[in-house]
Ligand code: HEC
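Taking the form predicted alone, here's one chain by itself in structure tokens.
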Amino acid sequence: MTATIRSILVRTHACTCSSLVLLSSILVAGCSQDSSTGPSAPNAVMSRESGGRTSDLRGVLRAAGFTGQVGLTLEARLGRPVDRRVAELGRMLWFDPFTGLNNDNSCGGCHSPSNGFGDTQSIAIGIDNNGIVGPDRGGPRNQRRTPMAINTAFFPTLMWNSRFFSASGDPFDNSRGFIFPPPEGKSLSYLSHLLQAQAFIPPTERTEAAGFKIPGTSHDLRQAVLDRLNGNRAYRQLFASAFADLRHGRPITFDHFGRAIAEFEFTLVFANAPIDRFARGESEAMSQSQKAGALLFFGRAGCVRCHAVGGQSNEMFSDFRQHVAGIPQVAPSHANVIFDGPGANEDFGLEQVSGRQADRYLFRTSPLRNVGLQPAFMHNGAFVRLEDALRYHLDARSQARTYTTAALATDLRGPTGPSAPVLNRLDPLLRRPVALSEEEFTQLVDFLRYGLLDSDARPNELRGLVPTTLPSGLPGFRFQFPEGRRGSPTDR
């Protein structure tokens, strides 16, 4: 087991005993020339504003149900410690193209530690890629951006159209079933966590990992993956070491595979951002700008109406419901999927699952924790700057008139799909523009980029999770870790 994964697992188990060192915010207080007379008038005003802002934000967070404690609850909700040996096996499977029947992709090809275990692209590139994970990744595109996998242990719904979800609203509770589209349906509900069930799906997705060379159903594709694992001596030994029931020669099953992948994901909890530390009593964990941005987020800017923290949201900054956010329709010039609409340049979202036209253009609210690590935003990566994504979100109708794909990769710069049908269905919560001053806008960006960032999720902290060698003997991917600038979310 590497030192990196060991430290993450120990941190998950022991963080109730001590706080982690994150983004420190130094509050600079001025002093009058004559300290005996107290602070000067401007500094007294600043002090009152700072104190009031801190007090106001504490009240706002309490009212919203935000505690800053969710990251400390994983093992209690699992009802057991994270299994380090199983998680280490899951790490190998995550990065090994051996688990992809097309021999060129795995979870790690799209969920990269260089970007918070999220996509390096605006729209994902799955099979037939060039072996690179980073800005220079090439190959035919899928339909959407790969979301970050960190903190998914707390997500009650998964995927942009929420096609995998826990009917109880709790990913730790299978009492009402885990719901998947056919052919799985509720058949995976015997598993104890939603992530264990979800791990059954990617190896069967032909554009993501399976490819088109091996015929058959989802069951056939899973069996082909198992045949590979059972036929590989190194993996046989690793599975037998991790699972007691495999130590006498019994074959690896997909239950074992799903458990290992999920266990690795349980180590990817990064929910100790400045706002969490602030909510737990560290008044100086957030800068004054971040506090002002948070007050806008929970207040006048209205962000929390969709990017919720209470109840089943598990403090993940998403209501995990579907909304029409009016996002421009981006379609690549080279894809391995057929897009929707008469021009084959639209994405109908939830309608693809439900079959109901009323669900057209609905997508799940994106969780915002560690959003500063993303190189692209929205379900299709239509924006590559957080500032641009936010401006669009604050006034979609106006911003749609001037939207351009010029900042996107070359193969995504073609004509956009129709915007009028999307804007006509714009969620009522987004129809009224939100006017912010430039200072307020900067404060809101500061809160989103840094106030929600767990510094342990930065690329330099996660790069050690990439294995130097793989059990299959395959070479693996070539990861491009960003250099970044000192202090930036992607700082190495």
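Since this is a predicted model, take the numbers as computed values, not measurements. Residue numbers here begin at 1 and follow the sequence given.
Below: the form predicted in complex with heme C (HEC), not depicted.
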| item | value |
| --- | --- |
| Contact at 163, 371 and 430 by heme C (HEC) in the predicted complex, all three, heavy atom at most 4.5 Å | yes |
| Interface membership of residue 198, heme C (HEC) in the predicted complex, 4.5 Å heavy atom rule | yes |
| 4.5 Å heavy atom contact, residue 307 and heme C (HEC) in the predicted complex | yes |
| Residue 386, heavy atom within 4.5 angstroms of heme C (HEC) in the predicted complex | yes |
| Distance check, residue 444 to heme C (HEC) in the predicted complex, heavy atom within 4.5 Å | yes |
| Answer range among 410-418, 390-398, 173-181, 222-230 for contact with heme C (HEC), defined in the predicted complex as heavy atoms within 4.5 Å | 390-398 |
| Proximity to heme C (HEC) in the predicted complex, single hit among 246, 325, 337, 78 (heavy atom within 4.5 Å) | 325 |
| Candidate from 364, 259, 277, 291 lying within 4.5 Å of heme C (HEC) in the predicted complex - any heavy atom | 364 |
| Residues of 118-141 having any heavy atom within 4.5 Å of heme C (HEC) in the predicted complex, listed in sequence order | 124, 125, 126 |
